[in-house]
Ligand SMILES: Nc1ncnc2c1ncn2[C@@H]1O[C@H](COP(=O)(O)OP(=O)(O)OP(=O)(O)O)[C@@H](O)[C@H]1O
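Just the one chain here, the form predicted on its own, laid out as structure tokens.
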Amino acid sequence: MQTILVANPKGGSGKTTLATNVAGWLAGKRQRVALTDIDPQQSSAQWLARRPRLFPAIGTVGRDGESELRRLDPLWQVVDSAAGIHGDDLKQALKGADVLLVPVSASAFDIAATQRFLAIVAETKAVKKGRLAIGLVAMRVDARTHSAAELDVFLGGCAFPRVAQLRDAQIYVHCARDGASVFDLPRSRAEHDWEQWRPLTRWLARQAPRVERPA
């Protein structure tokens, strides 16, 4: 099983949006995927509860994680972490992860929080020994704004790669409401967003070649 941890201690950074859409992409590739929600707000779990049965299946893992994972036997686990994760909780989450995705929103507060978080992550054993692949994802970006330009400068100077930049769009609000990912939507609605996700899905595919490479 490959585990993708979605983490950033800053609340509102886009963790749930990123986690649910990554899970939706994997499910659409006919991968057995489980979504683990360790955030007390349980936003990902609520999204799953709203997910229509006709969409590709995603398993849910709650508090009794180990036994539920054994029952589901997923190829992939996507973990939506809690805001404020730190200390031993963060170390444990990183220890169990193969990939870390860090969502970053375009604000001075998010950039500062992410900078501190990445400094902590860089000192962990998993990163120093090269066992953890880390990708940064710019979230809710409006390219016309000054804050987007500041985010671009910040990400360009990071030691870890930016693997995608996702626009600020109502499509993500609608997907959250409907239990959908952008990959569940028809081409006429989501093609532009699929293109923005393509660098991220290709990067994920390189981390674990069992996933079918997107065209």
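When you see a residue number, it is the position in the sequence shown, counting from 1. Keep in mind that what you see is a predicted model, and the values were worked out from it rather than measured.
Another form exists, predicted in complex with the named molecule; not displayed. Remarks below refer to it.
Honest question, do 115, 135 and 158 all end up within 4.5 Å of the named molecule in the model of the complex by heavy atom distance? The answer is no: none of the three residues contacts the partner (heavy atom, 4.5 Å cut-off).
Counting any heavy atom within 4.5 Å as contact, can you tell me which stretch out of 92 to 100, 71 to 79, 138 to 146, 125 to 133 lines the named molecule in the model of the complex? Comparing against the named molecule in the model of the complex, the contact stretch is 138 to 146.
Within 4.5 Å, heavy atoms only, which of 45, 169, 190, 38 is in contact with the named molecule in the model of the complex? It is 169 that has a heavy atom within 4.5 Å of the partner.
Does the 4.5 Å heavy atom contact test between residue 201 and the named molecule in the model of the complex come out positive? Taking the distances in the model of the complex, the answer for residue 201 is no, it never comes within 4.5 Å of the named molecule.
Using a 4.5 Å heavy atom cut-off, state whether residue 83 contacts the named molecule in the model of the complex. Although the named molecule is absent here, residue 83 would touch it in the model of the complex, with heavy atoms inside 4.5 Å.
In the model of the complex, is there a heavy atom of the named molecule that lies within 4.5 Å of any heavy atom of residue 14, even though the partner is absent here? Although the named molecule is absent here, residue 14 would touch it in the model of the complex, with heavy atoms inside 4.5 Å.
May I ask you to check whether residue 173 falls inside a 4.5 Å heavy atom distance of the named molecule in the model of the complex? Output for residue 173 is yes: heavy atoms within 4.5 Å of the named molecule.
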